[in-house]
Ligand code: NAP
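Just the one chain here, the form predicted alone, laid out as structure tokens.
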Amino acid sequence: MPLDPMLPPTAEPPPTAPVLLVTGGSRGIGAATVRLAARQGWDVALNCRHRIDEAEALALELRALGRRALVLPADVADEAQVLAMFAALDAGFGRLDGLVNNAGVVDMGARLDEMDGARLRRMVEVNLLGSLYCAREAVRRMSPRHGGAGGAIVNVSSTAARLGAAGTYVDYAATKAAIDTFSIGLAREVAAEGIRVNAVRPGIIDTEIHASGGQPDRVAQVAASLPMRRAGRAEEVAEAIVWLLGPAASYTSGAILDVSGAR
């Protein structure tokens, strides 16, 4: 029987533990971030659109560590679902201290003149609008204007934002470039309110996202051509994300950190 995402853990840690929401948190960079954040003392809400069973299994791992964990299924491209997700977060945790905008999609490699409108709309809706919706709701909970006590937001971009991904997915690259600009602008907008906003730009990382873009063997194909002669690991990206969320990065905001092995 699937776990009720609103069930409390068997052994609750102190209620003062900071709360982190990770979108796309059931696999890849999102799951690695969830695991590392939990080990560093965060209670975690995992968002996913599909693979809810995997998210529930990951939540069990976190509860075994003594952390509180919620699974919050939602399509971040749908504003109504995002609002419902944050309402469930409020009910389950009653606070929000960190957000990782990690949910994103790619598509089959193609030139722009081969892409249809449905693909382009979906790319913008998930990768850009989804991050805007979630960041907006996070600010509404973190800002002192709304009774909050500050927090940190990390947006997951891509090195495609500066490389362009010509002939493969310029649509994806364009949405990630928008994420970079959004991160800088929002950082300046809320800096005086105790909210830090940064972005991480992964390079070629060995995750399942390549398969979803029709290139399951991409890592093996390109590894030898990369500056470090290998792809990155999700855990290496997670280290950067969790550092940006934490107190060690207390004066870091508006930064875009490449985790790309010099690519």
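For clarity, every value in this text was computed on a predicted model and none was experimentally measured. Quick note: we count residues from 1 along the sequence shown, nothing fancier.
The next section is about a form of this same protein that is not shown, the form predicted in complex with the named molecule.
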Exercise. Is Gly151 one of the residues lying within 4.5 Å of the named molecule in the model of the complex, judged by heavy atom distances?
Worked result: no
Problem set entry | 4.5 angstroms heavy atom contact with the named molecule in the model of the complex for Gly66 | no
Exercise. So in the model of the complex, does any heavy atom of Arg27 sit within 4.5 Å of the named molecule?
Worked result: yes
Problem set entry | Contact flag, Gly203 vs the named molecule in the model of the complex, heavy atom cut 4.5 Å | yes
For this session: Tell me the stretch among 222 to 230, 44 to 52, 58 to 66, 190 to 198 that has any heavy atom within 4.5 angstroms of the named molecule in the model of the complex.
Result: 44 to 52
Problem set entry | Single option in Arg111, Arg122, Arg136, His146 placed near the named molecule in the model of the complex, where near means a heavy atom within 4.5 Å | Arg122
Problem set entry | The single option of Ala173, Leu186, Val126, Leu96 touching the named molecule in the model of the complex, heavy atom within 4.5 Å | Val126
For this session: For the stretch 152 to 173, return the residues whose heavy atoms include at least one within 4.5 Å of the named molecule in the model of the complex, in the order they occur.
Result: Val156, Ser157, Ser158, Tyr172
